[in-house]
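Quick heads-up: it's one chain on its own, the form predicted on its own, in structure tokens.
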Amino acid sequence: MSARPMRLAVGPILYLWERRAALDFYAALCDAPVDIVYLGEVVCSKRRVLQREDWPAVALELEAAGKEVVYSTLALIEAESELATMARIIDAAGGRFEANDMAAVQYAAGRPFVAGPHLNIYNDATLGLIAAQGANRWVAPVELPLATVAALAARRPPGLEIEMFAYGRLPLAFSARCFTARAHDRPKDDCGFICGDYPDGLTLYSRDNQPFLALNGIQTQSAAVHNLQPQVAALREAGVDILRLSPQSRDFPAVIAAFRAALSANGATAACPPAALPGGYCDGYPRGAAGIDHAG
């Protein structure tokens, strides 16, 4: 069981939001009951609505409000320019960055970092290896059953925190191809930032008109929203230290409030608001079931 109170983190914005919307979102987080905020771009290096000089200013405001700030890096690095950007972020982060590609781990050269959910860490040996490289926090891959996370937590290297993705459309895969551009018959290199038209991703429906996946540029997500708020007590018992809430454009303050209430009451006493996105809620992976399943 976790020795310290469980904390709430807000993950990086995975979508292309308008500049004002993004700045307003972070301004609101200054007063929100969350402990950690992840900044930066994870999905597509072309997305630069917030410029290089914006991120330090946002970070300063959040830190002044008492939040821990972590800078996230790309999950799929394909070009030298992206490596250079990754290096600049790590050098400026002062040991407060999230590695989502092994290139970031290698470049960090032993500096402390958060091992992001895209590093594919599934066992004790790999967890020990990544901790030896400097990781002081591990974000479990979304598909890991809670029983496996609990077993790894019980044998974790000293000082390593464990974080779980607890709310949001599940990040399932990345590709060199931009699926959102493809859906609009646009080439990736001349996409016109069409993903900005979909602030929570473009829902993909099955042949029988059921929400199945969401397209977010080069990222594929679940259409259903992963929601572990009813399972807070089980997560705490498993040794999870931090719950990550992935930003969405609708009802997010209410989601934060529901999770905070669950943490304060040592269990879920009030439900999250009804799912605002097509696909409803899901929670199968922690139970060892299909991710799309929903037990409530």
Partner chain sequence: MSLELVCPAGTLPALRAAVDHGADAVYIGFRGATNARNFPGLNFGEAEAAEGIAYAHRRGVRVFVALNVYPSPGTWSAATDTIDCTARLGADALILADPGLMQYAARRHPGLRLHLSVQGSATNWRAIEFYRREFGIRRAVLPRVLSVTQVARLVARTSVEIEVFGFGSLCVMVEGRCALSSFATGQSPNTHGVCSPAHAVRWEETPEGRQSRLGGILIDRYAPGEPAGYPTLCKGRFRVEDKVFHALEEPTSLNALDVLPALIASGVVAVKVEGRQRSPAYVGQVTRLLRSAIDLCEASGAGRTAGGDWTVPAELVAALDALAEGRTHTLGAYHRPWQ
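From a predicted model like this one, the values you see are computed outputs, not experimental measurements. Numbering follows the first chain given and starts at 1.
The same protein has a further form, the form predicted together with the partner chain, not shown here; the description that follows concerns it.
**Student:** Evaluate Y198 for contact with the partner chain in the model of the complex, applying a 4.5 angstroms cut-off between non-hydrogen atoms, and reply yes or no.
**Tutor:** Judged by the heavy-atom cut-off of 4.5 Å, Y198 is in contact with the partner chain in the model of the complex.
**Student:** Does Y122 reach the partner chain in the model of the complex if we count a contact as any heavy atom within 4.5 Å?
**Tutor:** Answer yes; at least one heavy atom of Y122 falls within 4.5 Å of the partner chain in the model of the complex.
**Student:** Within 4.5 Å, heavy atoms only: does S175 come near the partner chain in the model of the complex?
**Tutor:** Close contact exists here: in the model of the complex, S175 approaches the partner chain to within 4.5 Å, heavy atoms only.
**Student:** With a cut-off of 4.5 Å between heavy atoms, is H118 one of the residues that contacts the partner chain in the model of the complex?
**Tutor:** So H118 counts as contacting the partner chain.
**Student:** For this chain shown on its own, do E68, Q231 and S264 all sit within 4.5 Å of the partner chain in the model of the complex, going by heavy atoms?
**Tutor:** Verified in the model of the complex; spot residues all out of contact, no.
**Student:** Quick one: from L160, L146, I77, A93, grab the residue that has a heavy atom within 4.5 Å of the partner chain in the model of the complex.
**Tutor:** Of the candidates L160, L146, I77, A93, I77 is the one lying within 4.5 Å of the partner chain in the model of the complex.
**Student:** Does anything in 185 to 209 come within 4.5 Å of the partner chain in the model of the complex by heavy atoms, and if so which residues, in order?
**Tutor:** Contacts from 185 to 209: D185, K188, D189, Y198, L202, T203, L204, Y205, S206, R207, D208, N209.
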